[in-house]
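Just the one chain here, the form predicted alone, laid out as structure tokens.
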């Protein structure tokens, strides 16, 4: 088997150009929400080239809506197909799901980019473009791992189920659809941009909307009104205190290197209608992180209790409570044991490939991993080549060397987990 390991390493190095071409093709397809089909066509072509069994379908939004964990900003998924490609094993080994999302967030302000976000520019060992790091680079690494094993003549006992799903950036409807379609395995691997760190635990998150009420009046006699803007400052202070309280409870060593393990981010504020009027309504929207071992209902309750306690600090809130709404996207948290056999295999192969000890942490953001662990009861690890700091940012990029390193680690992990048919 050592000879095969060396063959895999050499094959991946020799086919570096093949990986670059595939990633650039994927980046050049602008697969923002509702426009994923052209990028999926590239994926389908690659999977057909490897002789994989392919399943293509547009998720049924009405059916998904019946599931308690379905969240999406849309109900219909025309031109947004899921793609699952299976490399059948000979039988007897562990199966694995290799899950990556094809959707990307919009590019944002184009003038903040130094290059075309959909060009796939190569410079200084990096490929630039929207989706390179989050997470088309990880998807290419998974396909490269399968291609490498097939090309050196290896047959696995367990099934390898490659999934290219939609809607991760909006809460995971694509992965949920794949689970409900019946795809199961003994483990799942998601190559989100972890900087080659291993995440056995994934944070969840929820979006919320707060409506802070006031009383309108003329700006010249503002003392006759109650400014919702001023009251919102009290609300913001309370939210910040809740964030501190929640994070003081976090003792998990996997969060030791993360300054704020469970952030509460207020990302949007709007209100008021006229500079000379006292604003009577301010709307705040944000996101709250959910710990790997926390439940969404209990976190919701803690937020509600915190807002209800505002009346103890300001009588205005007694008769004008803050309206809290949970809306939009959410991600389930997920966790498996740090010493789980699947984690140990990835650690072993990381060291074998890089000659360094693996870094084990907890994810600072949500992934589809929580759906696998909580809905499908599949042990899941998040581990990938992308650079966390540039995900969703202008000038997003991925290091080509990290893509190749992760592909080699993936390939060796498939050998161990799925077992080789001699």
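As the structure is a computational prediction, the values presented were derived from the model and not from experiment. Numbering follows the first chain given and starts at 1.
One more form of this protein should be noted, the form predicted together with another copy of the chain, which is absent from this view; the next part is about it.
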Another copy of the chain: the contacting residue among 324, 258, 86, 152 in the predicted bound form [heavy atom, 4.5 Å]: 258
Listed residue (249, 181, 218, 74) with a non-hydrogen atom within 4.5 angstroms of another copy of the chain in the predicted bound form: 218
Among 157-165, 139-147, 312-320, 235-243, the region lying within 4.5 Å of another copy of the chain in the predicted bound form by heavy atom distance: 235-243
Non-hydrogen atom within 4.5 angstroms of another copy of the chain in the predicted bound form for each of 70, 358 and 370: no
Proximity of residue 207 to another copy of the chain in the predicted bound form, heavy atoms at 4.5 Å: yes
Non-hydrogen atom contact residue 273 with another copy of the chain in the predicted bound form at 4.5 angstroms: yes
Contact flag, residue 120 vs another copy of the chain in the predicted bound form, heavy atom cut 4.5 Å: no
Residue 269: touches another copy of the chain in the predicted bound form, heavy atom cutoff 4.5 angstroms: yes
Within 271-287, the residues that have a heavy atom no more than 4.5 Å from another copy of the chain in the predicted bound form: 271, 272, 273, 274, 275, 276, 277, 278, 279, 282, 284, 285, 286, 287
